[in-house]
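Presented below, as structure tokens, is a lone chain in the form predicted alone.
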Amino acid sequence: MSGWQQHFIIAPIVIPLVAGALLLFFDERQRVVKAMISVVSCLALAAVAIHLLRLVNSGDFEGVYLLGNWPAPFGIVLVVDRLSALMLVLASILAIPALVFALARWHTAGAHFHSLFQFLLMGLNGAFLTGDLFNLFVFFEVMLAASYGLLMHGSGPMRVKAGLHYIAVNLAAALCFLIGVSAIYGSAGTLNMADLAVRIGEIEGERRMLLEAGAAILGVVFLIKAGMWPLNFWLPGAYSAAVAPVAGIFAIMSKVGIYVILRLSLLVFGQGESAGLGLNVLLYGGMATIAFGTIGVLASQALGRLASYSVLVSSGTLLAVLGLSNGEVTAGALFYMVSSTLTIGAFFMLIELVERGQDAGASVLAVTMEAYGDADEEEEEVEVGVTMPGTIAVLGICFAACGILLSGLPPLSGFVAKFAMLTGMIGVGATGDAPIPASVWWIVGLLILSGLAALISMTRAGIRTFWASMEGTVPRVLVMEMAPVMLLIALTLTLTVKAGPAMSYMEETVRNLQQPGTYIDAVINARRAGVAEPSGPDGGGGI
């Protein structure tokens, strides 16, 4: 492998950083130029992320980047393995449709939209790539600072109210993050994840208590970001208040907490005395989150709230599955994470297009009529041969596809993902002749009920939106607004067709995560530029 390819590792951070800074030098009236720079940046980011995934998948790639050429654990380290490469691709692929959708109207609704969007991507990618906890905190703050501006983009009292609530919760989480990181550094003397994994077995006594306290505080922070009940009351209001493209890219932000929990639970706290630390919290907290999200999905009358509670169902499913600590089930969960993120991102953008043709009070009136019936009960003249407008037909097909994906019905990727998880829990993936624990049956029941709730809610919303007898106007939808939604749905179709190779990648990813020695050796023994490679069997390693 050529040495220059190592620089691709830092490119997902540098590209949005340079683009976001460059965009600040252009006046807001130069919209075309700013849009072109932002689109080119996202396309380049997607190309780099896909290239990194291919390099990592080839198995012949040293996925460690030493900033300043300082060796670990003394310098800043960026690490790309199968999991981080997957998250980079998911973030970059989701960013392109969200940005294109915003170019139709929303990027002009406030100042510095494109810069904030690029800095958000920088924070996301940095969180996926960083190899130490302090820089994880730094990239978290970059991501959150950009999300504050994006959430309130477009103004309005609803967004300001939700934005202030969102900022307050995340500032408190950031303070807890800093306290947790300080406690871990005070007990272990390092924040490098690989070095921490090596030292953690040597920490005893009061230092051990301080370490576990710091880990617990960090866990609370990541669970807030993942939206676990009861730490998730900020999420439905914030996500439903955001403008459509922002809510679309926010679909992956809750997955950052899932990613960090998965990374730390297997790398740092997956061995020795720390094995199994916090798994019960993930298991039962995840089940409570699924139940809470399911109730919210059934109770939601507004489509934005329905999508927001679907995010909670997705997060709860992932947390509960991670709590089982089963490799085959975790592989299915990674597949589910990709499918649900693409689906929810498409759904948030589709909602704006669907609601554009509805009267402001139509939903309230529909609920009233459903509960109490039509007071007039006048017979309407049946119109024979009336055709559905093409725009409504396309929106209806996309809405039906999102409903199928969210509810996990065959044959789309949502069904494949749930089937993979259920197979690992109670099917051929279940272990031996041992009885299946009651907690597994609870998860199975919640997965089925959450899918049924999504089906009922989406069907109810679809009938009110597309088949209700109330008068409505055909929404004016631009091609550049419809194309991003269709692209994301097409990606879920591709994921369905390529389910075999995708699941093979997920299974190999989980196997690598369950063998943290490979990650640790690659980081600790990473070669410095211009320094001769040490001889012997431990002289460097790849991920």
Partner chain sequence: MELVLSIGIGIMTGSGVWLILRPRTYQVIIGLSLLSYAVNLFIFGVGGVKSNAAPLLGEGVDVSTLTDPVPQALVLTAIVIGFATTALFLVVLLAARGLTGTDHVDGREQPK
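Remember, predicted model here, so these are calculated numbers, not experimental data. Positions refer to the first chain, counted from 1.
Although not depicted, the form predicted in complex with the partner chain is the subject of the following passage.
A heavy atom within 4.5 Å of the partner chain in the predicted complex is found for exactly one of 234, 415, 137, 106: 137. The partner is absent here; in the predicted complex, the one residue of 463, 160, 397, 449 having a heavy atom within 4.5 Å of the partner chain is 160. Put simply, residue 152 is close to the partner chain in the predicted complex: some heavy atom of it is within 4.5 Å. In the predicted complex, residue 391 stays away from the partner chain, with no heavy atom inside 4.5 Å. Proximity of residue 186 to the partner chain in the predicted complex falls within the 4.5 Å heavy atom cutoff. The partner chain is not drawn, but in the predicted complex it has no heavy atom within 4.5 Å of residue 229. Looking at 407-415, 129-137, 316-324, 280-288, the stretch with residues near the partner chain in the predicted complex, meaning non-hydrogen atoms within 4.5 angstroms, turns out to be 129-137.
The candidate spot formed by 156, 164 and 168 is fully in contact with the partner chain in the predicted complex: every one of the three has a heavy atom within 4.5 Å.
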